[in-house]
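We begin with a single chain expressed as structure tokens, specifically the form predicted alone.
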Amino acid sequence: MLNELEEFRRKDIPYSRVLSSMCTTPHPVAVEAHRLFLETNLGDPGIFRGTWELEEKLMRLLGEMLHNENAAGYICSGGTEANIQGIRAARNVMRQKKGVQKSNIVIPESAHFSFEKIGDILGVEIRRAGLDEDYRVDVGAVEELVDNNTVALVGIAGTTELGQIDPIKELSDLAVERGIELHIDAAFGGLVLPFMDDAPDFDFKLDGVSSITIDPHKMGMATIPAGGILFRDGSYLRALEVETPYLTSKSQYTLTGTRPGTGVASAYAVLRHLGYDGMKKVVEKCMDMTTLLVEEMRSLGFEPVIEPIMNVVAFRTDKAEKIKDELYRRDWVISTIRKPKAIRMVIMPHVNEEVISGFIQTLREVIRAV
């Protein structure tokens, strides 16, 4: 049976040939922490008391990093669940505050596809605001879409396609002015921007920000699943609560019931082990590799759609799909975007000079083929 499992596992493409994913090889301390907490279930915190305390410590750690030591939240399955909960809390809070029933939210056109699911699951109307020439959401377009039934605005700190950052400060000002919630999808950027010099404000430092998605299993190098949702304070969690009469807790604010403690342990282990300086070195290395990739791609005639803001970069080409398919046939994985037509790469911690060299060598062969 183990031989059979190994045979299936060998069919997977190793991360060393993956330039499309925002996940990466877990840090060794994350793997060990995962092993220690393998049987834990935070869906029943009265049994797993130590794991529950550890999650509280992790929330304080992440909250302080996001300029709010009193932030409340939890570790979840990933950015999709975190975004659902962020909008669900905003809807419920605005229903209580203003009696809003037919809710809508205003999101950028560049928002993650999880918001398609949010509209379907929560019955919330999704309104999409256009982007400016730099592929950031146009705040004027956002304002035009807001009405009395708008419960939340959404800003992205690290868009999936380009790694761009929306004008969060302006969105925050608008949210405060209109008395509505502001959810920030920083699933990727949340563990990049705090370790970059001169990064724009995107977090609880801004008064209008009510919730933030941040995924430790991305740049935090935790084991999967380890997404995260943080709120400005505990009132948002209370807006999500349902009674749980047969568990050791009287209520539950999470979306899933059974919830592994492995993500909590692995995320905490990496952040405590590396600290601020260690995480900063990881981000700096990724940015150095991004710069190297841009140089190599330019030597082949490819120009980036925008100069990289963080370690995500896309290169314009009318042959994006053909290039992606030919690379995949050679066991290299990249992705594409549609507007504009481009090939896209994410430079995660597993990407080093050797990976980039091997990729560029294969890309030269692909260029000749297409």
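Start at 1 and count along the sequence shown; that's the residue number. Just so it is clear, the model here is predicted, and its values are computed rather than measured.
Separately, the form predicted in complex with a small molecule exists; it is not shown, and the next lines address it.
- Shown without its partner, this chain lists His112, Arg91, Arg259, Arg136 as candidates; in the model of the complex, only His112 has a non-hydrogen atom within 4.5 angstroms of the small molecule.
- Distance criterion of 4.5 Å from any heavy atom to the small molecule in the model of the complex singles out Thr80 from the list Thr150, Ser172, Thr80, Thr254.
- Heavy atoms within 4.5 Å of the small molecule in the model of the complex are found in exactly one of 71 to 79, 191 to 199, 233 to 241, 173 to 181, that being 71 to 79.
- Contact with the small molecule in the model of the complex, defined as a heavy atom within 4.5 Å, is made by all three of Met22, Thr160 and His217.
- Contact between His34 and the small molecule in the model of the complex is not found at the 4.5 Å heavy atom cutoff.
- Within 4.5 Å of some heavy atom of the small molecule in the model of the complex lies at least one heavy atom of Arg344.
- Contact check for Asp185: a non-hydrogen atom falls within 4.5 Å of the small molecule in the model of the complex.
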